[in-house]
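The chain below stands alone and is given in C-alpha cells; this is the form predicted on its own.
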C-alpha cells in the first residue's frame, strides 16, 4: 500500500533525484521553484508527487507504470491542507492536459492552456471576478495593452506609454500586483497613474493573479536565477491567458513591449508573447529609450536610489515620480 511522505529536496538527495527522474519520465520540466513537496511511496519507490509554491500546486506527476487517480487524491489533500494552514482559500494548479478532467472534477476551473501545460484555479476571488472588473473599465474604440512592474516607473515606461497612446484610442496599462518588488504594489500603481496622467486615453489597472504573477509566471521574479526552460512554459501560459481571456474582455488587439537586452527571462517572455499572439494580437516591440547611450532600466534607478545619486535619478525619472518617491517611499535617501 502506498504511503504519503514529505520529500525534503534540499536534504535527501536520493529522494530529490527520484523526484526529478519521475518528473522527467512524466514529460514535465524539473522545476525547483517549489516550497513543499509530497510523495506517494511504495517502500522506497516514488510513485507520485506534487509540490506547492505559494498558492500554486505544481510538479504533479504519477509514474506512467502506476497510473491511478487514487495516488493523486492523498497528494492533493496534503497540498490543500497545507494551503489551509497558510490561510489560503485560492489555489492554482499546473498540470498536463491529460489530467485536466480529473482536476476539474475537484472543482478547479481551466484558465489557459498550451500544448504542454494547463493552468487551473479553485477558490475566490477568481478569474471571472477579475474579468468583470475589467469589463467595467472598458472603453470604446481600438485598444492596446502594456504590462509593467514599474519598480519604479521610469522615463522608459513613459516613452512606451506615449508611443502606444499615439496609435490607439485606449491604452490599458496593467501594473503587476505581486508584492515581490522594492516598491509596494500600491506605490507602483500610484506612480504609474501619476506618470501617465497627461494621457486621457490611458487606463491603469492592477494585474491581480492573472498577468506576470506568482501564479502565471513565477520565474519572472527569479530573474537571472530562473530556469529558462521552465520560464518558457510559464511565459507561454501567461501569454495564452492574455490571448484567451484578458484581451477579448477589453477588445485589445495590440500589446507594446520594450526590447530586452538585459534580462534573459524577460527576453524569453517577449518571444513567447510573439508566438502566442500570431493571428490574434499585434506585438509592438520598441527599442528601449536611452539616456547618454544607455538603455533606461528600473534596475539602474534602484541602484541610484541606493547610492543617493540625484543626478542619475533626475535623468531617468519624471519630476513627478521623483517627488513621489521622496515623499512616499522609505527607499529614497
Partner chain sequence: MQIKHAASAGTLESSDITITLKPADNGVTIALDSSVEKQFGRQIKAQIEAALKALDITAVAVEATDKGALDCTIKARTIAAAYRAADVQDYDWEEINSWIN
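Residue numbers count along the first chain shown, from 1. Predicted, not measured: the structure shown is a model, and the values here were computed from it. Here, rigid core means the biggest group of C-alpha atoms that superpose within 1.5 Å across both forms.
There is another form of the same protein, the form predicted together with the partner chain; it is not shown, and what comes next is about it.
Chemist: Counting any heavy atom within 4.5 Å as contact, can you tell me which stretch out of 120-128, 208-216, 191-199, 238-246 lines the partner chain in the model of the complex?
Modeler: Of the options, only 120-128 has residues within 4.5 Å of the partner.
Chemist: Taking any heavy atom pair closer than or equal to 4.5 Å as contact, tell me whether residue 141 reaches the partner chain in the model of the complex.
Modeler: No, residue 141 stays farther than 4.5 Å from the partner chain in the model of the complex.
Chemist: At the 4.5 Å heavy atom threshold, is residue 257 in contact with the partner chain in the model of the complex?
Modeler: Looking in the model of the complex, residue contacts with the partner chain do not include residue 257, since no heavy atom lies within 4.5 Å.
Chemist: I'd like to know if residue 159 sits close to the partner chain in the model of the complex, meaning any non-hydrogen atom pair within 4.5 angstroms.
Modeler: No, residue 159 sits far enough from the partner chain in the model of the complex that none of its heavy atoms falls within 4.5 Å.
Chemist: Given that the partner chain is not shown alongside this chain, does residue 133 nevertheless sit within 4.5 Å of it in the model of the complex, heavy atom to heavy atom?
Modeler: Because no heavy atom of residue 133 falls inside 4.5 Å of the partner chain in the model of the complex, the answer is no.
Chemist: Just one of 145, 150, 231, 76 has a heavy atom within 4.5 Å of the partner chain in the model of the complex. Which one?
Modeler: If I apply the 4.5 Å criterion carefully, the residue I get is 76.
Chemist: Quick check on this chain: which one of 263, 114, 104, 82 has a heavy atom within 4.5 Å of the partner chain in the model of the complex?
Modeler: Flagged contact: 104.
Chemist: Aligning on the rigid core, do we see the C-alpha of residue 75 shift 2 angstroms or more between the shown form and the other one?
Modeler: Result for residue 75: yes, a 2 Å-plus shift.
Chemist: Please say whether, between the shown form and the other one, the C-alpha of residue 40 moves by 2 Å or more once the core is aligned.
Modeler: Residue 40: C-alpha displaced by 2 Å or more between the shown form and the other one.
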